[in-house]
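Only one chain is shown below, in structure tokens, and it's the form predicted alone.
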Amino acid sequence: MQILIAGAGHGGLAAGAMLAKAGHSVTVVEQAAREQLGHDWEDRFTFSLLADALGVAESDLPREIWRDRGDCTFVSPNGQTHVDIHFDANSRQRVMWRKPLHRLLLEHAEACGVRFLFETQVTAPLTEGLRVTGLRTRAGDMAADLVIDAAGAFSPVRTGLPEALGIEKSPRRGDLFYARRVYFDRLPDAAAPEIPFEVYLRHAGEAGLSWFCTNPDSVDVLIGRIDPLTDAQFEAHLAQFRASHPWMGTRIVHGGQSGVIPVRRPLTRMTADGYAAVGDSAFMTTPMNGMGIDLSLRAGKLLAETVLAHPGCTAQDLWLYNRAFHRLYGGDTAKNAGLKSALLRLPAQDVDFLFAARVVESSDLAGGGQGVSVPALLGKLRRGMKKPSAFFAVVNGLMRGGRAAKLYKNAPETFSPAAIAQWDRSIARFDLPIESR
């Protein structure tokens, strides 16, 4: 079977390695040069998933490319309330540099037989009726029995699919997070915070978040918004951080790049005849924090297992992957999206109240609204009724997310365009849209 993967995303590399190892012909078409892959920053994820994708023991992952994540504090918009999250040995995640992570996945894929075409831009899918039959690239058309879309949030493959497939193409305001991240040097002999990782919700009153993480040898600054970030905004927010964190130097040691990160529920439908999306192409991230490596690696493995069991790659075959992903993972991220959207829709002063009144607590922010118990909600109700409009806005977001999650976990068992369209419309009723500016 001929398999083309658009983009060298984590999930696509994981799927490609498994499929090539099983004897299929797999080619990754990537617009960047090999040495450009991976952002020059760290990200956290579950290392056992990477070890599984590489076929090695977790202890074999190179020690020099990762470190333990520190404790975290969320800061209210007015800066007056901090919600601290402390991790124990079992819950503390680790962070790894993205370039070595990409290198490990790429070299493993090559060892399994995957072929790479770097500096080759994908421009559109090739289709015959409602079946995807390959990729159109700057180097010419390429035919395939299966196209795996790992080309990111603005994938030219997904956005070029026939409308009749019913696959969502364009994100809405609030679905994407525009971020710029820089590591500056850390000045010596300056006091540092007790909790190293500070996350600022609605930083400077704007829709989005920023963080300031104090590392032993650097400070990691991210400025992110749901609208594109201007240079003037970025420099103004940096100046605020430098004034409040005197150990922040001016020399850039890593990063300086911009990124666009999905922060929404995943695509309800992400497969078609001869087509399957993974990672950012299918908006597979946790909406409250934009973390997506875990979900991408899980999706890549699940997709490869589905293809190996059902090599016809028909719409019915690949729907099994679509449904299984949502049953196992997509439902939880849909629930997470409810809280994120509710907080983004509130004015900054209402978010300040929710923090101060402990309506939003560490368990909500760490879990993104997953698993809120009835006793916990009753406690929030007592405290939140001092400002019921803000309180019920959050409850509404949590409940809408919960209802969407149940629908995600109960996707149609078999491929039926009519049933899937109805299911999709049912989920959309529980969205909380972010108004345009």
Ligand SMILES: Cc1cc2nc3c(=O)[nH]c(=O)nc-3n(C[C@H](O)[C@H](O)[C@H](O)COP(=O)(O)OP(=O)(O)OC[C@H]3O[C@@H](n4cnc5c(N)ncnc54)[C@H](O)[C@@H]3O)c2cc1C
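Since the structure is predicted, the reported quantities are computational estimates derived from the model, not experimental observations. Position 1 is the first residue in the sequence shown; the rest follow in order.
As for the form predicted in complex with the ligand, it is not shown, yet the points below apply to it.
K.L.:
Would I3 count as a contact of the ligand in the predicted bound form, using a 4.5 angstroms cut-off between non-hydrogen atoms?
P.N.:
Outside the cut-off, so no.
K.L.:
Is there a non-hydrogen atom of G292 within 4.5 angstroms of a non-hydrogen atom of the ligand in the predicted bound form?
P.N.:
Although the ligand is absent here, G292 would touch it in the predicted bound form, with heavy atoms inside 4.5 Å.
K.L.:
Although the ligand is absent from this view, report whether L222 comes within 4.5 Å of it in the predicted bound form, heavy atoms only.
P.N.:
Within the cut-off, so yes.
K.L.:
So, in the predicted bound form, is A144 in contact with the ligand at a 4.5 angstroms heavy atom limit?
P.N.:
Contact with the ligand, no.
K.L.:
Going by heavy atoms within 4.5 Å, which of 324-332, 226-234, 257-265, 77-85 lines up against the ligand in the predicted bound form?
P.N.:
Comparing against the ligand in the predicted bound form, the contact stretch is 257-265.
K.L.:
Are all three residues G9, P156 and R181 in contact with the ligand in the predicted bound form, where contact means a non-hydrogen atom within 4.5 Å?
P.N.:
Every residue of the spot touches the ligand in the predicted bound form.
K.L.:
Considering non-hydrogen atoms and a 4.5 Å limit, which listed residue (Q349, Q316, T120, N215) is close to the ligand in the predicted bound form?
P.N.:
Spelling it out, the residue with a heavy atom inside the cut-off is T120.
K.L.:
Which residue, L209, A150, L354, A272, is the contact with the ligand in the predicted bound form, using a 4.5 Å heavy atom cutoff?
P.N.:
Contact residue from the list: A150.
K.L.:
Which residues, if any, of 263-279 lie within 4.5 Å of the ligand in the predicted bound form when only heavy atoms count?
P.N.:
V278, G279 sit within 4.5 Å of the partner.
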